[in-house]
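Take a look at this single chain, the form predicted on its own, given in structure tokens.
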């Protein structure tokens, strides 16, 4: 196995789709490029239900987003099916809260917030949202398309103005540091953010904790004592079944409080040479179960 990190992603995709002999596997294929892989005579597309989630971090530090009715209104404004269809080309799953729907911590009876503009408008009005109050929506470049789709939903469903700020790559490190260190007021109402669970064993330990725990890197709001208590119990729980139940309670709490704008869990897309038997894993790239068949270029050439 030879790992190459010196090939431009577009070039690598061309090599696996249009040729044989240089690149056999390309990870992190964009949904926009999925069709090219599917149409290729040399490669197959592998879609993995990955432990990833895209959501909108809600700045709960001040009014009006400290009101759960406003946060629920934002969730009710989102057309998740259209988001997945138009931005992710269908390669994503809608999510009710923060636990991927195929993880064992996802509550069985929890459904994503429906797309209900009328109820969203009612809640927003009830919470006292001012007509001239624009929503500040921020995003990094990798999820800019998600942010623009989200802004359209907020405008159309809730009738509010939205101002989008895309953080340039050169400013990303400073922006991340400000978010993590929490020394300055954050300059957004909602930040579109992508995250993942490296462990794949207990999503709340890596996903929920980072967003909502007192020590979480991405927490943008006051600490919730009920959340702290549940996380405290999970740290010392050794029974897998009981731990799973705590995880479900955490996800239900996050849902009930609408702590984020819940969007979707994107699939990990991998382009693989058609003579390579590749097994995808939910959390990380693993090649222990990968094999090349008799028709692979290396074996045909006697290498």
Partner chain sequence: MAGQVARQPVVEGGARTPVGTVHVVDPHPLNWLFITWNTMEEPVRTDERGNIVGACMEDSWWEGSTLVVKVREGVRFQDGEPLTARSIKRSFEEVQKWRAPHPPGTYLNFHPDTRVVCPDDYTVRFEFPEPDGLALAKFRGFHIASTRFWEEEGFGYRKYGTGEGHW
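Source: prediction; values computed, not measured. Positions refer to the first chain, counted from 1.
Absent from the display: the form predicted together with the partner chain. The rest refers to it.
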- Name the stretch, out of 56 to 64, 246 to 254, 27 to 35, 259 to 267, where some heavy atom lies within 4.5 Å of the partner chain in the predicted complex. 27 to 35
- Could you tell me if residue 198 has a non-hydrogen atom within 4.5 Å of the partner chain in the predicted complex? yes
- Answer for residue 210 alone: is it within 4.5 Å of the partner chain in the predicted complex, judged on heavy atom distances? yes
- Answer for residue 68 alone: is it within 4.5 Å of the partner chain in the predicted complex, judged on heavy atom distances? no
- Message: Against the partner chain in the predicted complex, would residue 289 count as a contact residue? Criterion: heavy atoms within 4.5 Å.
- Response: yes
- Note on the structure: Of the residues spanning 252 to 285, the ones with some heavy atom within 4.5 Å of the partner chain in the predicted complex are 274, 275, 276, 277, 279, 280, 281, 282, 283, 284, 285
